[in-house]
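This document starts with one chain, in the form predicted alone, laid out as structure tokens.
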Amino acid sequence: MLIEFNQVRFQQGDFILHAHLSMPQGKMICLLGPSGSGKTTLLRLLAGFETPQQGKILLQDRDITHQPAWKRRLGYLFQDLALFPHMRVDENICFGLSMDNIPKEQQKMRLKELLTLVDLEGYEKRQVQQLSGGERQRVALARALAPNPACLMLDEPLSALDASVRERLGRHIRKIQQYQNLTTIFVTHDQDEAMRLSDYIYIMKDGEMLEGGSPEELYEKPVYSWTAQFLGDGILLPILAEKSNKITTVWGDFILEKNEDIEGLTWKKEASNPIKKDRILIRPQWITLGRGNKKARVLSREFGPKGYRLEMQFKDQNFILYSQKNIEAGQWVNMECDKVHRLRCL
């Protein structure tokens, strides 16, 4: 289901949202940004819970801007789940089907399919209060899927769960989305969750769409320095000067080997020139320790799932690297940069 926001403007109090974008069909799409950036507002506009003051919202070229929510046939999983506590699991899941006057036999068949899909077979007669947080989440997901929606919307669906349940349920939602080829839009402010589960991510900030792309594109080649910093560890170096294919930073010169991009650079001699606004991004994975002629000092070391987290210092700039080797704090190590990326600053 192709979804379009055509020059949409929505204002509520001092907050203003602008949206002009198209969302691909059959993909897992994430709206990612800090609290207050407009993620949930955009979802509510699509669902029909809010109406924009300007612009159009289209589903497959059909204008739904002023169509009531119940006519849009879109599934919505609320952040607080909004399950009916006085109803059993089966009654919660089939609530929308009952409202649509679907025959009881068809409801039973659909219920069986959904319980299998969300791994809750045998739970249909349980009360909501008897369920764990993850089980309640799956009941709410089944209820949203029951009417076979054209699009599924998830508003921070995993935020209230502990880490292990959150990761497991996230994978489960992803499998369901892929199995049904269902256009799914989910809201989160968790960068790792967005990168792990999404086909496509829209970065939101202060009511605006900053940029969009696949997780790989946004991590490896973001357009803006704000996006680069929001999506993970990285070193941002101001551009002091540039001439032809040479860019000068406080870490020295980078020579552009390809005219069409800024990858494949090599370090040259240092220089000093007036600062420009653009930045150079270096991700931790793009630096190799034990190679090259730049000596950096290890300030501190922590062990974690990614190996050793090293706080490094080079030319009075502190940054984070990850290593599988145990390098003690205070040691000096050679390092070499394999790739850099140029950024725009807001």
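The first residue of the sequence shown is number 1, and the count goes up from there. From a predicted model like this one, the values you see are computed outputs, not experimental measurements.
There is another form of this protein, the form predicted together with a small molecule, and it is not shown here; the text below is about that form.
- Residues 5, 52 and 54 are none of them found to lie within 4.5 Å of the small molecule in the predicted bound form, as judged by heavy atom distances.
- Put simply, of 290, 34, 68, 304 only one has a heavy atom within 4.5 Å of the small molecule in the predicted bound form, and it is 34.
- The shortest heavy atom separation between residue 15 and the small molecule in the predicted bound form is within 4.5 Å.
- The stretch from 55-63, 312-320, 40-48, 292-300 that comes within 4.5 Å of the small molecule in the predicted bound form, counting heavy atoms only, is 40-48.
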